Structure formats: C-alpha cells, structure tokens
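The data below hold one chain only, encoded as structure tokens and taken in the form predicted on its own.
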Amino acid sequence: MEIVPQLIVNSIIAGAIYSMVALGFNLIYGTAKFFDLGYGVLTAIGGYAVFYFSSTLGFNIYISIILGVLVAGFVGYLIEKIVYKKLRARKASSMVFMVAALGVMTTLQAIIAILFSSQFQVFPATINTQTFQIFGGVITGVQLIALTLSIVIMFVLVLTLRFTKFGKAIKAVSDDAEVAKMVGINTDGIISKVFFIGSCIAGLAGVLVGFDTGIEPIMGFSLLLKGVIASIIGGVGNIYGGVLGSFLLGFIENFGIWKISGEWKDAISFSVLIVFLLFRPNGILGKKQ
C-alpha cells in the first residue's frame, strides 16, 4: 500500500469528522454568539447513547443510532433552556457564557464516566464492515458514510438557511437578535431549535467516531478542539468556511506527521491555529469585523 494515497484518504476522513463538528459549532456560534465549550461533550453523549441502547437494552443498531442522535439533540436543547437562556436573560458577558459552558462540559463528562466508567468502549455491532480501495488508499464503509453525511449535512444546512422561513429567521437572529425580536421573531425559540439541530449533528459525529474507533468520556474535548480550529481556519460562523477549514486541517495534520511521530498531530493543529490567529484571525472565508 502506497503511503501518499493512504495519507490523502486519512486526511479526507479526518476532514469529514471535523466538518460535522465544525458545522454544528458554527451554526450555534452564528446564532447564539458565544463559544460553546460544552458542545464537544455532546459527541460523547451521542456515542454512549447508542452504546446503551444497543448493548444494554439490545435495540437494533439502526434504531439505536437514531435514538442516540436524538438524545444528543435533546440534551443540547435542555442545556440551552436551563443554562444559556437564563444567562442571556441576565445579559451575561461572553466570559460568563464560556465558564458556564466549561462547567457543562466537565459535569457531563463526569456523569458519563460514572455511568459507563472511563474505560474505552466499542459498539457491540457495526453498520458496515466493507473496505474500499480508492487510488491505492483504503477506506472503510463507516468512513465512507461519514464522508457522505458531512457533505449532505453541509448542503442541507445551506439550503435550509437560504430558502426556508426557519433559515431566514436564523439569519435574522444571527445578524441582530434585538431587531429580530422587534419584528416578531421568537429569538429564544429559534436559538433553542438551533441548539437541538447543532447537538444532533454533534451526536452523529460522535456515533460515527464510535463505529470507526470507539468511545470514551473525554472524546468530545479533542473533537471540539479540532472543530473549533477548523472553524477559525475557515471563518467562524461560515458554513462553507467550517467545511473548508476542516478538510484543510485534516490534510495538514496527516501530511504533517508523514515523517514524524503521530503524537505531533495536535501540536501541528495548534501551530496552524496560532498562525491564523496572528495573520488571518477572520479565517479564509470569514468577514472582517
């Protein structure tokens, strides 16, 4: 097996997973206007929900996936209602939101570890055991599904935001929540629905990672960091930018460790982040503030 074709495939796979996290993160950030550090743990919630439904309750794996994604969405919705909505009502600062989100992440990770232990877990069943050759590189069925879904989710979000009444309401809230409220838009309701949708996307990303490699309580933190870095590279709040940044980050990471240890992957990611923060803080497709 040639190393370069496999590195290309690995880069595309990583970009697909990062893009799902970045898409949900960007959707929430663009509407709620704060960095939701608790977003990453929803990937773990999705993964562990599928593990619980399929392993403990014995549900069909496909039913478990649907339920797992919905559980992640519902948890994200509840967090927004219980925590973030009240902070918005009190006109809390961005720093207060970030600290609250950090507390949400820490608490939910601890709950997952208590319920399922902190040990690495694998799903009792899989959805596709096939492998495919693409120009000399090997990709699994699960990875191909992840790539397909990342593209589908991007186009669905774009079409929703551009052509539906709900999407236009999201853009109005994103542009100016106070003005949107004055013209009769239920801003709190829109933000809550956005959190549900974004959390479902995070849950789906966690489920796919679970099928590909396995799950653990802290898995969401790493995925969140990569999603945030990808969002900053492409342009925070920009859907196309999130996808572009995700695949670019995937290629930089995988080709960056070509001749060195894989342990340097995170260091490479943060080096790229620092470069963009210094020289292009708005990202490739981001608008100047």
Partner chain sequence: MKKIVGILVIILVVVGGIYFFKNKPTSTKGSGLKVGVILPLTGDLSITGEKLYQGVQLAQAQLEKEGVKFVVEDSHSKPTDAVSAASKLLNVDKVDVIIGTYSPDETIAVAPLALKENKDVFSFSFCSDSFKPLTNVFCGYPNADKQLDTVVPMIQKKGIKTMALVDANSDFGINSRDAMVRKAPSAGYTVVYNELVPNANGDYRTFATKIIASKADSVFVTMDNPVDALTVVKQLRELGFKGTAITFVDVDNKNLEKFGSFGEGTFAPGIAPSQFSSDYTSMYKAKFSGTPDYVSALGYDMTTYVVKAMEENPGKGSKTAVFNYKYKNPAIENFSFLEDRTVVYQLELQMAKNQQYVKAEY
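Keep in mind it's a predicted model, so treat the numbers as computed, not measured. For the two forms, the rigid core is made up of the largest set of C-alpha atoms that agree within 1.5 Å on superposition. Residue numbers count along the first chain shown, from 1.
The following text describes the form predicted together with the partner chain, which does not appear among the structures shown.
Heavy atoms within 4.5 Å of the partner chain in the model of the complex belong, among the stretches 111-119, 199-207, 97-105, 146-154, to residues of 111-119. Contact between residue 60 and the partner chain in the model of the complex is not found at the 4.5 Å heavy atom cutoff. Not displayed here, the partner chain is kept clear of residue 70 by more than 4.5 Å at the level of heavy atoms in the model of the complex. The partner chain in the model of the complex comes within 4.5 Å of no heavy atom belonging to residue 280. The partner chain is not shown here, but in the model of the complex it comes within 4.5 Å of a heavy atom of residue 257. Residues from 122-161 that approach the partner chain in the model of the complex with a non-hydrogen atom closer than or equal to 4.5 Å are 122, 131, 138, 140, 143, in the order they occur in the chain. Residue displacement note: residue 261 has its CA displaced by at least 2 Å between the shown form and the other one (rigid core superposed).
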